[in-house]
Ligand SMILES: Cc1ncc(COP(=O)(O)O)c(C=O)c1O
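The chain below stands alone and is given in structure tokens; this is the form predicted alone.
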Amino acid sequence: MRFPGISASVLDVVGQTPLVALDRLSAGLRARVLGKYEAANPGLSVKDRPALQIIEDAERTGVIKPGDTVIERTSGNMGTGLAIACALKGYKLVIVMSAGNSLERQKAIKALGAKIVLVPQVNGRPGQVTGDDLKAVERVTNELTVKLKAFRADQFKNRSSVKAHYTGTGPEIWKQTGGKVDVYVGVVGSSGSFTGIVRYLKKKNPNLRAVVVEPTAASILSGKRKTPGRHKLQGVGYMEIPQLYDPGLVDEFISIGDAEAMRTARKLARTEGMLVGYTAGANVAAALRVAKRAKRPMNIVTILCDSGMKYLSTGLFD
């Protein structure tokens, strides 16, 4: 028997996340900074959206059927989202990730029933995954995809990642702001969220400004860096240009260092009561920079990518 207000499964609660005004952090500024709180998703991150979209699109096109194996390379958040979807839909899941990603991410994926293949780091440090580490993970993923005859989710190339945000996150932001969003600020990892959200918002408001946030040590999209550097922001700044990235959507680049990202994440916890990760800290730090120079009232929207619970072992809140 079905009852109004009862979800059929946890997959039904992916998306429709709150947009929270960070008025304490932006007190005294003309502009208002609004954070899309993606930790409200079942897997505690923004990646639940594209994970579900990829699986459901593959089902609709007949690419996969229950009992098949799904495989993906990930820093952890996409792996968690896929693990939830695969657990509910009856797929085996193999996640390939660098040993440099946080322990909490590894444990969450295992708890959800997926198999994890950890790839030793090439030249990174724990908590700092480099471009070389990512290349090593990619090689192992390619080998296992062939060996296992698996369906690769391939978030870095799969356009379902963009679709999830163009049809979901972008419209949610537009509705939640009443169509009054002036600037979008966000990191570029696989670029699914940035491309999907900005493409939708610019369709609704051609005057919207879109700002890409990059780690200072890996500012490749802006052209500031040509060689890789270490940084703590997980899931972004791998020193490669994602296939889903559309430079024509970008109006500005802002580089954020580890210290500023960590400091802002800690302020979010202590000032706004919101426990988020390194990358969300970088997003908000960049949004506050934009807000500080604003000469008129405006709404600046950014993504709070995931929960700080995934980083308790990393020293972020020490």
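No experiment lies behind these values; they were computed from the predicted model shown. The first residue of the sequence shown is number 1, and the count goes up from there.
Keep in mind that the form predicted together with this ligand is not shown, yet the notes after this line are about it.
K.L.:
Taking 4.5 Å between heavy atoms as the contact cutoff, choose which of 236, 86, 97, 129 touches this ligand in the model of the complex.
P.N.:
Contact with this ligand in the model of the complex is made by 236 alone.
K.L.:
Which one, 101, 191, 169, 80, lies within 4.5 Å of this ligand in the model of the complex by heavy atoms?
P.N.:
Residue within 4.5 Å of the partner: 191.
K.L.:
Check residue 36 for me: does it contact this ligand in the model of the complex (non-hydrogen atoms, 4.5 angstroms)?
P.N.:
Although this ligand is absent here, residue 36 would stay clear of it in the model of the complex, with no heavy atoms inside 4.5 Å.
K.L.:
Can any non-hydrogen atom of residue 49 be found within 4.5 angstroms of this ligand in the model of the complex?
P.N.:
No, residue 49 sits far enough from this ligand in the model of the complex that none of its heavy atoms falls within 4.5 Å.
K.L.:
Evaluate residue 187 for contact with this ligand in the model of the complex, applying a 4.5 angstroms cut-off between non-hydrogen atoms, and reply yes or no.
P.N.:
Contact with this ligand, yes.
K.L.:
Could you tell me which of 192-200, 210-218, 88-96, 106-114 sits within 4.5 Å of this ligand in the model of the complex, going by non-hydrogen atoms?
P.N.:
Contact criterion met by 192-200 only.
K.L.:
Taking this ligand in the model of the complex, which residues along 241-263 bring a heavy atom to within 4.5 Å of it?
P.N.:
Read in sequence order, no residue approaches this ligand (within 4.5 Å, in the model of the complex).
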